[in-house]
Structure formats: C-alpha cells, structure tokens
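What follows is a single chain, given as structure tokens, in the form predicted alone.
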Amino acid sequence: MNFDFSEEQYLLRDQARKFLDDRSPPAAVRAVLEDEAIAYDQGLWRGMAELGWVGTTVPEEYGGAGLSGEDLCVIAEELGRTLAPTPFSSSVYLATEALLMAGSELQKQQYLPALAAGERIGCMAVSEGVGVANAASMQTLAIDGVIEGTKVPVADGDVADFAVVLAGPGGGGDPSLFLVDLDDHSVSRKPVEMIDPTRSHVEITFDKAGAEPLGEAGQGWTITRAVFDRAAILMAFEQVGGAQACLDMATEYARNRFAFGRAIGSFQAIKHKLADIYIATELARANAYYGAWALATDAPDLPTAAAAARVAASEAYNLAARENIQTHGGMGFTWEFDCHLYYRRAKLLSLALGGERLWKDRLVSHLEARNSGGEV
C-alpha cells in the first residue's frame, strides 16, 4: 500500500484548520462544558453545514457535496484536533452513512437533503448498557411496526431529530434496523452523565414508538457492523488529531517552562514522554492512513483496517492525553489548563462504537482469518 492524500485534500485540511481555529477555540469548548443548558455549539454546527462538511459524502443529487470518505477523513482529523463540540460523528459518520448504505430511494430523498444541510440531526441507537449488545441479550424489540425497549448510552440522542435503531424481531431471530422519530410522544429521553459533557449522551426509551424499516429484515447486525467499520476509521482520524494536539501542547510547554534554570524539555524524563507520544501518534496515523486507503478503494480488508486504526488511535490518544497532563506537572491537573479537555475526549472516544476491547478482539479475529486463508 502506498497512500497519501491529494493536494486538494491537503488544501481542504488547511481550510478546515483555519476555520476551526477561529470557530472552535478552547474557550468555545469550555462554554459547552461548563453550561449544562448548552448541548452543543449550534453556531459552529451551522458554520460547518454552510461549508458543506455535514453533507461531505452525500451525493449531489441529494443536496450533498458528493465528496469521498477520504475528504471526510481530512475534516475528521481537524475536528479532533480542536475538540469541536458538535454531533458531527453521530449524524455524519453513523446516521447518514446508514441511510446511504441501506436506505431506499424514497428514504434517501426524504432524509439526506435535510441531513446534508444540517437542518436535521441523526444518531444511532445500538447499545443497551454495559456489555456488547447481541441477538441473545437484546431487549429492544420491533413488532408490528412499533418499537419497545431502552437504548443507553446514545451519543447526541438529546439533540437528534431521529435515530437509527437496532431492534430484534421478538421470539428470536436476527435484528433489523429502523428509523424512529425522536419527537414522537412515545419516545422519552433522559440525560446520562459521561466523562466529556461536550458530547452529550442520553438514555432513550421507546414505548410502542412508530418504526420505519431501514434495509432488509434480519440484516441489522450486518449493516451496523459495516457502518461501524467506516465510522471507526473516521473516528481514528479524530483521535489522531487529538493526540497530535496533545503532543503540540506538551512540547510547547516543555520548551517554555523552566526549572532549575533550564527548560524542562531538556530533562531526559520529559524527552522520553514526548518521544513516546510522538511514536504512538505516528503509528496511529499510519494505521489511520491504512483505513483511509481502504475507504478510498473499498478494499476487502476494510474491516481489518478499521480495527487496526481504531485500536492504534485509541491507545495513542489515551497515552498522549495522559502524558500531556504529566508533562504539565501539577498545573496539568487544574481546571484552568486545557489538558483535561483532551483527556475527557480521549476517554470518551475510546468507549465509542463498542469500546477498545471489542475492536482488539475484532482485529485478532480478522488477522487470524487472514493467516488461515479465510475471509478478512
């Protein structure tokens, strides 16, 4: 594999960086963190919609930009670098992708234009609490066109207009996906406290809520896994962006903080911390590029690339956020410094899409299958 982004995509990255540096500085992130009444930065969301980011991969016939997954990877890295407090991943990586992958022509015409314009927000409701959801344990059921059950936690479920819900058929059998209007009177939402309040989560309870099938019956797991694989690559770019921001922050502090008459960056212990962050971040970047290549070529080993990117990026971001705090010393633990903003996001992202342990297990399974000559 020999992959790199195009000149146009690097220009897109530079434009995205300038926009986000201006519209999503730490002060804007803190405004969402410190005010419980603010779920996300609506001004930033409108700005991203005006730039066409929200509809990056939506075909032009549905009002989108008609760009590729690679273009979205470039944007995702910059979103992670600035901790953009918006429902971008839920609406763009998950809900929009599910509709593009499994939606009927009528559903695409109904949902995609509003999603691409940022006028509607979508989310995906799969988890049912602690542990990995599976057909045997799934309590959310769809029977006779209505859904009953509870999904928790659901990222951005409090601000979403609709949800893509995974539900079983009742009486056993494989689950399917459904579109549910979250403003329906039979749907209730309750906030769930998470480590990073700049990305809100809720518990959603469906009490015979109307459900519109999405995709073929019994294909819920297959579609969900395919959507999650693509989202994992995009989220890995967010994590790489966050890890790089931590490295930059730690390096800048180490250069300018003096102790015993010397910059602390000259001390061996600090040098090793920065080197460890750099190595982990570059390894994660390489795996994320592997994922971007798989997206660009629709490679058969996309699931392997997704798992590798997800694991490497989660480990890198967690390490970078932790060591950034340590590099700042006692000041790194204070509310006034921005270190904790990245630590919160690193922990939250490592739990998304099923958690790091799940993706490690998937990576091992994919590699074993490849080595045995089976499917990737």
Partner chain sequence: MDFNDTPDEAEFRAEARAWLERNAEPKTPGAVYKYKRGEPELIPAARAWEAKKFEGGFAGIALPKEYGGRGETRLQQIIFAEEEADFLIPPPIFSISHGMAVPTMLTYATEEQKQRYVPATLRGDEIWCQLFSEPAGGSDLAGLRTRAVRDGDDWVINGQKIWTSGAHYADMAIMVTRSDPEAPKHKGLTYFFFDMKSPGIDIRPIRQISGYANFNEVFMTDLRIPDSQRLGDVGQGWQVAITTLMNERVSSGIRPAPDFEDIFALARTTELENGPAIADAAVREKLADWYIKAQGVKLIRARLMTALSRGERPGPENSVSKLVSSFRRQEIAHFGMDLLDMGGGIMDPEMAPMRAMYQQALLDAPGGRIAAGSDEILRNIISERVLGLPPDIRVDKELPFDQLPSGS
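Note that the structure is predicted; figures quoted are calculated from it, not measured. Positions refer to the first chain, counted from 1.
FYI, the form predicted in complex with its partner chain isn't displayed, but the following is about it.
**Student:** Do Met194 and its partner chain share at least one heavy atom pair within 4.5 Å in the predicted complex?
**Tutor:** Answer yes; at least one heavy atom of Met194 falls within 4.5 Å of its partner chain in the predicted complex.
**Student:** Does its partner chain get within 4.5 angstroms of any non-hydrogen atom of Ile143 in the predicted complex?
**Tutor:** Contact with its partner chain, no.
**Student:** Does at least one non-hydrogen atom of Pro113 fall within 4.5 angstroms of its partner chain in the predicted complex?
**Tutor:** Pro113: no, not in contact with its partner chain in the predicted complex.
**Student:** Quick one: does Arg262 come within 4.5 Å of its partner chain in the predicted complex, counting heavy atoms only?
**Tutor:** Taking the distances in the predicted complex, the answer for Arg262 is yes, it comes within 4.5 Å of its partner chain.
**Student:** Using a 4.5 Å cut on heavy atoms, which of Leu67, Ile325, Leu51, Ala39 is close to its partner chain in the predicted complex?
**Tutor:** Looking at Leu67, Ile325, Leu51, Ala39 one by one, just Ile325 meets the 4.5 Å heavy-atom criterion.
**Student:** Looking at 210-218, 78-86, 149-157, 179-187, which lies within 4.5 angstroms of its partner chain in the predicted complex, counting heavy atoms?
**Tutor:** Stretch 149-157 is the one.
**Student:** What residues in 298-333 sit within 4.5 Å of its partner chain in the predicted complex, counting heavy atoms only?
**Tutor:** If the 4.5 Å heavy-atom criterion is applied to its partner chain in the predicted complex, 298-333 yields Asn318, Arg322, Glu323, Ile325, Gln326, Gly329, Gly330, Met331, Gly332, Phe333.
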